[in-house]
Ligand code: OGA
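Just one chain follows, in the form predicted alone, and it is written as structure tokens.
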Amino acid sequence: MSLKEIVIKEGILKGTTLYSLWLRERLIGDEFIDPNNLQRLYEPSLLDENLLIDDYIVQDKFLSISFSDGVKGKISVEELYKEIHSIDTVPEKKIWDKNDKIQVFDNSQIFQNTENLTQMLKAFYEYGYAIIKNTKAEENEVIHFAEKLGPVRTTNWGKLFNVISKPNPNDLAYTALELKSHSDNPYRKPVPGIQLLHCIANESTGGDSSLVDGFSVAEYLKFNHRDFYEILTQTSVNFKFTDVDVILENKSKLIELDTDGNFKQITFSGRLDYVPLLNDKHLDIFYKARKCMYELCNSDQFKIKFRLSKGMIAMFDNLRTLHGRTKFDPNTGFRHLQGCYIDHDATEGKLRRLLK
């Protein structure tokens, strides 16, 4: 028997067609991959393009297989199934709105054991955020917490940034003004993935926080305003930041889809976007769509409201979750938040390892 392809006749892969070169690249064992890092010990591009399968058998959860180049090996059937069906241990997103229970976790327990850390990270990926209580209300505490999850991303704001009201600010975040639901740093390449905001003091009147699930908003538009959804997912907008030291620009769709047409990210900040010069018809539809999106993102239907108290951290997916705050009066008390950014690969990688 010498075959270019085989059809599995039993088990979870029943009816699946598998190909010789594709299978050859997936052989496990110390002669094929480094046991420390699972990287291949050979160059797959140099395999014989006419490689054939001489024999195979599915047994004990493994596919044992022999090839025409004399190589024999085995492959985990379960791992093949997960790869073929794109099964990831990182949980899928959950739709949520203001009626859902706020996801709050205790810092004194999160890192006590792997189960607690796993539950926090799973909730973060399901809901796009997690609120952490009982951290030290001290400067740099947000960095200490973040670095337990992954490397902190440095920007022109530095390794961390201070959210306080100050004169002549280079960003409206550093004022006492209300901030509507928005994405952070949409002008960067790439846009920061995860943001952490830590409350050191919040003694002023006002300054309450809010989060909105951009995924839920996008799904609502998809099924209730299809024309708006289509133009928002097809039109790239320019986001721009300017101060005395730097000009940052990035183009992004307000709702971006992946290659399969599924939600990938939301990028929304009315303070920073510049709509391209479309023709009159498309421009009219786009402005109506953006207004509708703005109203949804700032409506009580999709927004959860809470107050970041001393020692609390709001950790949220900046590519999915919009955040905002109410106006506050700095004359009534001191308000000081510190923030930083980390990337998704750090937390996703940690969660996959915990669930392995």
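Since the structure is predicted, the reported quantities are computational estimates derived from the model, not experimental observations. The numbering used is simple: start at 1 and walk along the sequence shown.
The following text describes the form predicted in complex with this ligand, which does not appear among the structures shown.
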{"property": "Every residue of 95, 255 and 264 near this ligand in the model of the complex, heavy atom within 4.5 Å", "result": "no"}
{"property": "Distance check, residue 161 to this ligand in the model of the complex, heavy atom within 4.5 Å", "result": "yes"}
{"property": "Residue 325, heavy atom within 4.5 angstroms of this ligand in the model of the complex", "result": "yes"}
{"property": "Interface membership of residue 184, this ligand in the model of the complex, 4.5 Å heavy atom rule", "result": "yes"}
{"property": "Interface membership of residue 335, this ligand in the model of the complex, 4.5 Å heavy atom rule", "result": "yes"}
{"property": "Interface stretch in the model of the complex with this ligand - options 233-241, 105-113, 80-88, 195-203, non-hydrogen atom within 4.5 Å", "result": "195-203"}
{"property": "In the model of the complex, the one of 179, 137, 117, 152 near this ligand [non-hydrogen atom within 4.5 angstroms]", "result": "179"}
